[in-house]
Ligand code: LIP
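Before any questions on how it binds or moves, here is one chain, the form predicted alone, in structure tokens.
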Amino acid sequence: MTADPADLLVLAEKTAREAGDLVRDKREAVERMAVAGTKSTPTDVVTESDTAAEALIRSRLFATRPDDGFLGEEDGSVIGSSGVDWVVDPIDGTVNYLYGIPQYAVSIAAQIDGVVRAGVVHNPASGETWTAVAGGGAWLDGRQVRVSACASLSLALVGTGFGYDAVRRARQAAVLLEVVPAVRDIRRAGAAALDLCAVATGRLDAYYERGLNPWDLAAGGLIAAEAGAVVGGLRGAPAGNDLAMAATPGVAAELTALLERLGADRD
């Protein structure tokens, strides 16, 4: 089966919108969502909508491409034989979703031979949809987007996030205390994929976070990079669980140096 990134994006976007409709409708149907379970800690929650959305996404993708692999946040992985792997977060920002905060997203990325080549991040609450194909730029609802022109860390609006483990959160808070006086201001929105898309759109000048998983990073990281962001980790490492950073080129070096000095990639 062929693996044209543009075709994969069409399938991903259609599927993300359908899953987005499902989770939005479920959220609007009840006053307060119920927690279906927890993952890494008692505060790392899963709702019935997470599992239902991931099941829908798996069924739609496999109906069209049955030989592909799949890595989802909620239901594990499937090894494929086509060279294409889907990396999926059915609801990025589940705690926001649980509390009715309209800052959550469906994130679907397609990897070809281990490299992310297409991605979509869809916010069901706002209707906004970011897309990218490797080498084709980043787009928001059909309009091409670019990172900001910010050229000084002191003027940068920086997003970040915190882990679910209390010890890690405390360490991240200590790092943040040193970051705050070095930047314009901090935003913490609670959905990594949307934070990465915010950098792509110029709504943030930079974003960093420790503890991201592949499904948090894959689609949003591609979108940010295609919009011109510097996307990576610290000490020459790629963006990943130790640390992921996306920044407009004018502040990337300064922010990297600061985070390395602070040991932001270590607990």
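No experiment lies behind these values; they were computed from the predicted model shown. Start at 1 and count along the sequence shown; that's the residue number.
Keep in mind that the form predicted in complex with L-MYO-inositol-1-phosphate (LIP) is not shown, yet the notes after this line are about it.
Undergrad: Can any non-hydrogen atom of Thr94 be found within 4.5 angstroms of L-MYO-inositol-1-phosphate (LIP) in the predicted complex?
TA: Yes, contact at 4.5 Å.
Undergrad: Hey, in the predicted complex, does Gly80 get a heavy atom within 4.5 angstroms of L-MYO-inositol-1-phosphate (LIP)?
TA: Because no heavy atom of Gly80 falls inside 4.5 Å of L-MYO-inositol-1-phosphate (LIP) in the predicted complex, the answer is no.
Undergrad: Taking L-MYO-inositol-1-phosphate (LIP) as it sits in the predicted complex, is Tyr164 in contact with it (heavy atom to heavy atom, 4.5 Å or less)?
TA: Judged by the heavy-atom cut-off of 4.5 Å, Tyr164 is in contact with L-MYO-inositol-1-phosphate (LIP) in the predicted complex.
Undergrad: Is Arg188 close to L-MYO-inositol-1-phosphate (LIP) in the predicted complex, meaning a heavy atom pair under 4.5 Å apart or at it?
TA: Yes, Arg188 lies within 4.5 Å of L-MYO-inositol-1-phosphate (LIP) in the predicted complex.
Undergrad: Just one of 188-196, 113-121, 148-156, 135-143 has heavy atoms within 4.5 Å of L-MYO-inositol-1-phosphate (LIP) in the predicted complex; which?
TA: Of the options, only 188-196 has residues within 4.5 Å of the partner.
Undergrad: Check each of Leu212, Ala53, Ala227, Val231 and return the one that places a heavy atom within 4.5 angstroms of L-MYO-inositol-1-phosphate (LIP) in the predicted complex.
TA: Flagged contact: Leu212.
Undergrad: Any chance Glu73, Asp89 and Tyr207 all have a heavy atom within 4.5 Å of L-MYO-inositol-1-phosphate (LIP) in the predicted complex?
TA: Yes, each of Glu73, Asp89 and Tyr207 comes within 4.5 Å of L-MYO-inositol-1-phosphate (LIP) in the predicted complex.
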